[in-house]
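So this first bit is one chain, no partners, the form predicted alone, shown in structure tokens.
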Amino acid sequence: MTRKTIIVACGTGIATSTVVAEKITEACKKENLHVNIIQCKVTEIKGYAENADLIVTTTILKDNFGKKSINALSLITGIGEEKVLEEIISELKK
């Protein structure tokens, strides 16, 4: 299976993106998916987007950079967390 690259971004590239990246990593391990996660600030996405397969953010993204993007704020709040993780895993399996 090929390794997919995911950009996980938040406002600072430190706080909520860390929590989201950890949850995505755990979910991918359960599904035996090999991923490379790039954690960054939302303002840095453009620099990484070309080589990414998926963009996951905890903020509103004004541009999708030509990639599928998923808002993962629910991975912070816990409300709807399972649904978002399923969406991420489904996208990675494509």
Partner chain sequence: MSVIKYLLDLGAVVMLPIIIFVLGLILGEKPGKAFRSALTIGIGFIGINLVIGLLVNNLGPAAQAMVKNMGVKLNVIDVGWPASSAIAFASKVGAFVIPLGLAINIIMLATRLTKTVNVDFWNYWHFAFTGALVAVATGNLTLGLIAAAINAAIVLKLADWTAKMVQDFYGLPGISLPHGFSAAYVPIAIPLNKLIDKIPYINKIEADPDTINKKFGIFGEPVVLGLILGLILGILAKFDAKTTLNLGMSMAGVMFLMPRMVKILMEGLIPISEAAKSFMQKRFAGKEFYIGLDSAVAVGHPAAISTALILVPITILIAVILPGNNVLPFGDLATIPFMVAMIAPITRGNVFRSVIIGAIVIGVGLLIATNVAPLLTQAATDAAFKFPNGASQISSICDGANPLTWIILKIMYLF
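On a predicted model such as this, the values are computed, not experimentally measured, just so you know. Positions refer to the first chain, counted from 1.
Not pictured, yet referred to below: the form predicted in complex with its partner chain.
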Would V35 count as touching its partner chain in the predicted bound form under a 4.5 Å heavy atom rule? no
Do Q39 and its partner chain share at least one heavy atom pair within 4.5 Å in the predicted bound form? yes
Consider L75 of the chain shown here, and say whether it contacts its partner chain in the predicted bound form, taking contact as heavy atoms within 4.5 Å. yes
Can you check whether D53 is within 4.5 Å of its partner chain in the predicted bound form, heavy atom basis? no
At 4.5 Å by heavy atoms, is each residue in G11, T16 and E44 next to its partner chain in the predicted bound form? yes
In the predicted bound form, residues of 50-65 near its partner chain [heavy atom within 4.5 Å]: T58, T59, I60, K62
